[in-house]
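The chain that follows stands alone, in the form predicted on its own, written as structure tokens.
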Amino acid sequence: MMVCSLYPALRVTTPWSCSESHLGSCRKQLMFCVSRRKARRRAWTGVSCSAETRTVVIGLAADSGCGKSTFMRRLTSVLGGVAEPPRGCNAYSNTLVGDATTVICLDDYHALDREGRKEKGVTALDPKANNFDLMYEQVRALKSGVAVEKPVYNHVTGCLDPPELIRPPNILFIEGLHPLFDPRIRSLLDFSIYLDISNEVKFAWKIQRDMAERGESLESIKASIKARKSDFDMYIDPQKQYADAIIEVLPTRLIPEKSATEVLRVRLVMREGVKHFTPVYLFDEGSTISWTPCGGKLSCSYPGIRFFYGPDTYFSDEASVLEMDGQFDRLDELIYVESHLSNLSTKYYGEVTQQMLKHADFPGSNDGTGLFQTIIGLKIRQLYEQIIAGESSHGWKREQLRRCLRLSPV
């Protein structure tokens, strides 16, 4: 059924702000943005005729520097199109918009700018530094088909920049530190994921990222990790108990002395009984299997590759676990492993391998991080299709019932 949908914009209820040291540059940006945003608003808040669907909301939680951005790039690729920053005035937008998806970074809901956090002695992980009321209102509005004017946190200046207009997409990803923290926001999620990176791996990744990309010293990185540790343990880590799927990244067990950044052991924990989600399994569903596939069909340099699959419990809930320890030498040979996995939600034979080859330059493409992120992307695509198909069926049944009532004799 085709309907015409209006996209009224839910305005931001808290003003943008920044510390006095950045005020001049922010004022210039605001003046530029206001004029550009007025023109965009006329186009974005008009009448749109589309199929009667609602926005499916997916939450991705993880600490800073744990690969959320790479994960989002894989997900949006699986779901079609290329996600890019929204057209407009703010070059520092954290949002990505694709043909069917929009990715919102929850850093945009910081209630305090960088200087404000320093003055109050809180980190961005502390709930007091974030506006959960506005986060909930705007995610709920987008899920209901209402456009919002979302705030923007500028990671370069540390300012809270002028808002940007976001329309409801087919699939909305909310990624950041706190997507599973507030029970109101959790109630809006159709599926949730947690990236659980071990301390050893996280430390190695953060050093690699912040020293290479941000020019930070080793001492400053260590101090930052130490300052955030207690807040991470209190506010971020507990969120994994609410996730439907958890990707754990751990040091290898194949050669314990090997550096955590060179060889990784990755576990995909999948809760049982999640609506529209069927766990992936290796060889035989429900069995406990350890598999070393190296040989004539899979090239493996030392120390090789080992897979594990079996039932487990996660926070007292039944779960299935798929684990990969080691890394691929040749991604095109991944098709051999893919052929032994079931419930992948692929549309054709070899789709997982094709997606991995498509983004061979992404971090983690030769180990379990890229493999399991790709699989989760395929599962989310199927979840979305099942939700929409179910709602379309219900809508057709309701229409048939209305027609019967109109035709029934008095």
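This structure is a prediction, so every number in the text was calculated from the model and none was measured. Numbers follow the displayed sequence, beginning with 1.
The next section is about a form of this same protein that is not shown, the form predicted in complex with a further copy of the same chain.
K.L.:
Classify residue 293 as contacting or not contacting a further copy of the same chain in the predicted complex by the rule of any non-hydrogen atom within 4.5 angstroms, answering yes or no.
P.N.:
Flag for residue 293 set to yes.
K.L.:
Is there a heavy atom of residue 133 no more than 4.5 Å from a heavy atom of a further copy of the same chain in the predicted complex?
P.N.:
Flag for residue 133 set to no.
K.L.:
Is residue 81 one of the residues lying within 4.5 Å of a further copy of the same chain in the predicted complex, judged by heavy atom distances?
P.N.:
Answer no; every heavy atom of residue 81 is more than 4.5 Å from a further copy of the same chain in the predicted complex.
K.L.:
Can you tell me whether residue 297 touches a further copy of the same chain? I mean in the predicted complex, with a 4.5 angstroms heavy atom cut-off.
P.N.:
Close contact exists here: in the predicted complex, residue 297 approaches a further copy of the same chain to within 4.5 Å, heavy atoms only.
K.L.:
Between the options 198, 208, 217, 287, which residue brings a heavy atom to within 4.5 Å of a further copy of the same chain in the predicted complex?
P.N.:
None of the other options qualify; the answer is 287.
K.L.:
Pick from 71-79, 232-240, 148-156, 279-287: which stretch has a heavy atom within 4.5 Å of a further copy of the same chain in the predicted complex?
P.N.:
Going through the listed ranges, the match is 279-287.
K.L.:
Just give me the residues of 112-126, first to last, that have a heavy atom within 4.5 Å of a further copy of the same chain in the predicted complex.
P.N.:
The stretch 112-126, when checked against a further copy of the same chain in the predicted complex, contributes no residue at the 4.5 Å heavy-atom cut-off.
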